[in-house]
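Take a look at this single chain, the form predicted alone, given in structure tokens.
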Amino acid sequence: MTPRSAPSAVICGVGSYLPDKVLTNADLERIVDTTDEWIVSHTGIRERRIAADDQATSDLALPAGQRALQDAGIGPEDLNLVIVTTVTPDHFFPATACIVQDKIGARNAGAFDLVSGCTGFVYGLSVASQFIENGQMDYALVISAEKLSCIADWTDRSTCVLFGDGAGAAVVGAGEPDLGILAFVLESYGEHGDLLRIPAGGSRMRINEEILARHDDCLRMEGPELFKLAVRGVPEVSEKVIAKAGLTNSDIDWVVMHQANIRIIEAAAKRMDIPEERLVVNVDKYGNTSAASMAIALDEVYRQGKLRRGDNVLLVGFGAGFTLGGAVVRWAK
């Protein structure tokens, strides 16, 4: 491969995958003490997808990645890198990206996982774009995939209603100047890390019978505090990345925000003065799929034929860490 001079990193293919099983709010009413009315009014979620017991995160990531490759018109052997962003890996190691790299047939690619919570898709794109822009790689595959149903506490009515499973993917390659990933901003506020975490299972706290009895191997979230951080942080990082791209809010054609909660999406959009018709929203159908949410939403609006070449797309999210990230992409397809 001959190194290139300052190419632009563009998204040249996207894909997604959602499991077949639909878990509705009515189903949840039979599991925990909640109601459809409460869930919809507080979150905007009406249903979510749940992976089968024998499906791991790599099994969700694989078809999403294959669809992105097909959309890009390249084969797995053309890939130089596979990145999987997830908080629900198949194992501590080997990396889920290595499992996907093998299954997808990317025999010429390196592979690694990236952990930044729900901001994972933006973080993954930012990393992949560096290898393309510096001419060291031709194509990178970024897959954001989660099986959150395996870390949800199904006795906690405040959190289990929020999450779903799924995967989204993007192929990043070299493209024309003035198209592709125009700018990104990554931020983290580690002092707020305890607001969203799994207490046990790592080197800090090993799992034992007492841990399992307390469900400390499951997700824990301080919702009200996270809401405040997100509603303030998402507009701030959005303003920064839009300005970095040399644009204004009125130049943004589509806003693909992390699909955590409709109240967060609407509150953040109001602060940014973004009209409703420019928001991509699918949280009602899939719930919060963590790192996968922006990738799934991007693929969905693309498959609906709404994205046009030259459209400016803002991708912005927040997640465990506490992480924030935004990217402005000028659509190249």
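Just so it is clear, the structure is predicted and the values come from calculations on it, not from any experiment. So that there is no doubt, residue numbering starts at 1 and follows the sequence shown.
Quick note: we don't show the form predicted together with a small molecule, though the next part is all about it.
Residue contact with the small molecule in the predicted bound form: residue 254 places no heavy atom within 4.5 Å of it. At least one heavy atom of residue 161 is located within 4.5 Å of the small molecule in the predicted bound form. In the predicted bound form, no heavy atom of residue 88 sits within 4.5 Å of the small molecule.
For the chain shown alone, residue 15 is not a contact residue for the small molecule in the predicted bound form, no non-hydrogen atom being within 4.5 angstroms. Here the chain stands by itself, but in the predicted bound form one stretch of 26 to 34, 269 to 277, 52 to 60, 296 to 304, 26 to 34, has heavy atoms within 4.5 Å of the small molecule. Residues 11, 244 and 309 are none of them found to lie within 4.5 Å of the small molecule in the predicted bound form, as judged by heavy atom distances. Proximity to the small molecule in the predicted bound form, taken as a non-hydrogen atom within 4.5 angstroms, holds for one residue of 112, 227, 154, 189, which is 227.
This chain is drawn without the small molecule; in the predicted bound form, the residue among 105, 193, 201, 223 with a heavy atom within 4.5 Å of it is 223.
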